[in-house]
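Only one chain is shown below, in structure tokens, and it's the form predicted on its own.
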């Protein structure tokens, strides 16, 4: 079943599954607005929950108003952005699009998309500089960005834990989405201790991960700096790049 057909099926038959399916996009839009200065950065998780509550209330109306002539994802993404701005009474309110412009609405221009893809490839080249530590750095980066990991991302270790264990480890990490960083560290510490076959405290992991992510930012910015990356901007880059990949 095509992505748009599945969206419409959930819209008609199971709105709760539709919202679950769109959580990564909701999170990405809220984060983007926060880092653009429209929303307070410190309240991102609360903002996401507020948007979810508004969407639950409005889904019957959204279902009735959707004209089925354009991609539902485009239409729904604009509505999510509107709810963010409407909820927090910002001046730059984006009106709900008319049907004739749904097809023209996109998160980025074609030039923006090319830059995002190029930067995402550059990020993965930078990650290769960490050698054997690359899988752990990538898992930490995704975990802190509240992005899911897959079992395959636990296969770059000297001692392969096996398919079943990789699934369990991925589930453990993915269950930390929306938890506080301290709680994430406790889970990641247990996961990496299993993979590395050696004990490491959550505090030791915190210091290691902070050091590695700082190094990754330096690699992305260059010496002398040619870019202005922060770890938070890397989170947004990953979300945007994977959003584009999923919509190709």
Partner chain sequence: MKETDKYQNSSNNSEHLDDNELAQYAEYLRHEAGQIPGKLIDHVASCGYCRAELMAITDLLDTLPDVAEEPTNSVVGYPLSVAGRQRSAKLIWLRTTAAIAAIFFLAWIVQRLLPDRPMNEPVATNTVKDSTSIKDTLITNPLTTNSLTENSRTDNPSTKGAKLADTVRYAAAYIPNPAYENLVGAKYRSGSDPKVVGPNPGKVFAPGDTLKISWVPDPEDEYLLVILDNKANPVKEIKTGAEALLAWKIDLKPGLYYWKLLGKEEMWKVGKMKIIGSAARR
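Numbering follows the first chain given and starts at 1. Here the structure is a predicted model, which means the values were calculated and not measured. Here the rigid core means the biggest group of C-alpha atoms that line up within 1.5 Å when the two forms are laid on top of each other.
Below: the form predicted together with the partner chain, not depicted.
Only one segment in the set 149 to 157, 163 to 171, 67 to 75, 135 to 143 has residues whose heavy atoms sit within 4.5 Å of the partner chain in the predicted bound form; it is 67 to 75. Residue in contact with the partner chain in the predicted bound form (any heavy atom within 4.5 Å), chosen from 28, 55, 191, 213: 28. This chain is displayed alone, yet in the predicted bound form one of 207, 197, 182, 223 has a heavy atom within 4.5 Å of the partner chain; that residue is 223. In the predicted bound form, at least one heavy atom of residue 13 sits within 4.5 Å of the partner chain. Mapping the unseen interface onto this chain, residue 4 counts among the residues with a heavy atom inside 4.5 Å of the partner chain in the predicted bound form.
Of the heavy atoms in residue 44, none are within 4.5 Å of the partner chain in the predicted bound form.
Contact annotation: residue 219 falls within 4.5 Å of the partner chain in the predicted bound form, judged by heavy atom distances. Residues from 112 to 137 that approach the partner chain in the predicted bound form with a non-hydrogen atom closer than or equal to 4.5 Å are 121, 122, 125, 126, 128, 129, 130, 131, 132, in the order they occur in the chain.
Taking 2 Å as the criterion, residue 67 counts as shifted between the shown form and the other one: its C-alpha moves by at least this amount when the rigid core is aligned.
Comparing the forms between the shown form and the other one, the C-alpha position of residue 14 differs by 2 angstroms or more, with the core used for superposition.
Once you line up the core between the shown form and the other one, the Cα of residue 29 ends up 2 Å or more from where it was.
In the predicted bound form, the CA atoms of residue 27 and residue 168 move farther apart by at least 3 angstroms compared with the shown structure.
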